[in-house]
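In structure tokens, one chain follows: the form predicted on its own.
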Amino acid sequence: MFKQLFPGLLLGLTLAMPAFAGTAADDIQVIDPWAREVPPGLTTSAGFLGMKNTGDKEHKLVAAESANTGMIELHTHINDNGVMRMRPVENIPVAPGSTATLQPGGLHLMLMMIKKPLKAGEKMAITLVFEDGSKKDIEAEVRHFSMENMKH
């Protein structure tokens, strides 16, 4: 009887395997998320964090969302004939076993149409969205930051 059931059992387990596979959100460990403080009247800021891929395949951050913004875009800085400019990017890849760093002067989350001022010491809820549709909710600490504080 076991010989008759085995092929069906094996097929059932094989079809169920994708349900046991981890998602990008499961594989990505978020490190030190923070957002730049903005005074009242300003509606644009930036978010920064590290994303460590603990899985065995590349993952991509494709979007981010927050109830405190009208929109979040993934951005980078480029050197355009000696002038640093921000540009949107479609995604931010994170190779297996490596860390992608979003930091001032590089890749970052562009927080736009901020609905209430971001004050140092507060937390801002952000949802990261990955290529497989999985999501990871994080809380970014709001910090005071100016370009003068950057290490060159």
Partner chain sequence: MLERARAPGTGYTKMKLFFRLFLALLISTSSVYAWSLFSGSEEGRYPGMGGDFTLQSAQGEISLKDFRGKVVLIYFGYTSCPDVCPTSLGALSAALKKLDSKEMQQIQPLFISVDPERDNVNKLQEYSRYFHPKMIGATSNLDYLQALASRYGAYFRKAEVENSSMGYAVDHSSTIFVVGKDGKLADMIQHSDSPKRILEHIRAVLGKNI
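None of the values given here were measured: they were computed from a predicted structure. Positions refer to the first chain, counted from 1.
The next section is about a form of this same protein that is not shown, the form predicted together with its partner chain.
- Within 4.5 Å of any heavy atom of its partner chain in the predicted complex lies no heavy atom of H59.
- Contact check for M112: a heavy atom falls within 4.5 Å of its partner chain in the predicted complex.
- Contact between Q103 and its partner chain in the predicted complex is found at the 4.5 Å heavy atom cutoff.
- Contact annotation for A95: none of its heavy atoms lies within 4.5 Å of its partner chain in the predicted complex.
- Contact with its partner chain in the predicted complex, defined as a heavy atom within 4.5 Å, is made by all three of P40, A46 and M84.
- The stretch in contact with its partner chain in the predicted complex, judged by heavy atoms within 4.5 Å, is 85-93, chosen from 22-30, 121-129, 51-59, 85-93.
- Residues of 65-83 placing a heavy atom within 4.5 Å of its partner chain in the predicted complex, in sequence order: M71, E73, H75, H77, G82, V83.
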